[in-house]
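Before any questions on binding or motion, here is one chain by itself as structure tokens, the form predicted on its own.
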């Protein structure tokens, strides 16, 4: 599976967030960290894959399928996103209801919805939270439940926007371990270089809406001058 940006320009809040952005993300290379200073375009890049911001110029492709309003349903059937603010993603009363929401709205039979809910919570080591009120979860638990809701949709690609924000070091390590166990391809926008090293074989560094560098995380994250240029060190 490949995600391709071809000279993509995206406007956000009246500003150019991605500027003639060109990059290819290949699932065969493993999870990829999307790095950059505030305002580099990381969150916009992820959201644009789901068609949440219009493409002013250029193209975004999921394999051969262009990201367009007409293809939004097909794209979102293959791609799920975990937003930075978990509270914006959790809206049902109980954890189980929240995780079941997506499969239910696909029109799946109740037994399939239950199986997907159980499997997703197990993948996130969150079965014990099934009947918990979503408002009474810790930050780490909210992150895992948000991910479970996406996993229940069986996506090929998972987009994560700053997944370690508000997490303590232990919760970060636990989340990294969980992500490494998932079969879906992951694009992870993050400021957390240690988390990027732990979870992503690849990384792409953005600067002012353009691709500054991409390649093996083990090499780029040791390039101090590059990190300083990107505002990451």
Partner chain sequence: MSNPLDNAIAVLRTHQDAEHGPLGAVSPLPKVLVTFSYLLLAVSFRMHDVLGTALFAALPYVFGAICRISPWFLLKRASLALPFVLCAGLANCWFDRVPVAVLPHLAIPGGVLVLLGLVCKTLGTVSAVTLLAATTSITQISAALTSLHVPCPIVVQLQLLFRYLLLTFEEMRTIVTAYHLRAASSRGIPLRHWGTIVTRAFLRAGNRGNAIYFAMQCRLFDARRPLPKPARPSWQESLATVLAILALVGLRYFLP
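This one's a predicted model, so the numbers in the text were calculated from it and none came from an experiment. Positions refer to the first chain, counted from 1.
The discussion below concerns the form predicted together with the partner chain, not included here.
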Q) Quick one: which of 172-180, 46-54, 25-33, 185-193 gets within 4.5 Å of the partner chain in the predicted bound form, going by heavy atoms? A) 46-54
Q) Does residue 102 reach the partner chain in the predicted bound form if we count a contact as any heavy atom within 4.5 Å? A) yes
Q.
Taking the partner chain as it sits in the predicted bound form, is residue 118 near enough to touch it, meaning that at least one heavy atom pair lies within 4.5 angstroms?
A. no
Q. Applying a 4.5 Å heavy atom distance criterion, does residue 92 contact the partner chain in the predicted bound form?
A. yes
(Q) Within 4.5 Å, heavy atoms only: does residue 130 come near the partner chain in the predicted bound form? (A) no
**Q.** Partner contacts for 149-181, taking the partner chain in the predicted bound form and a 4.5 Å heavy atom cut-off
**A.** 149, 150, 153
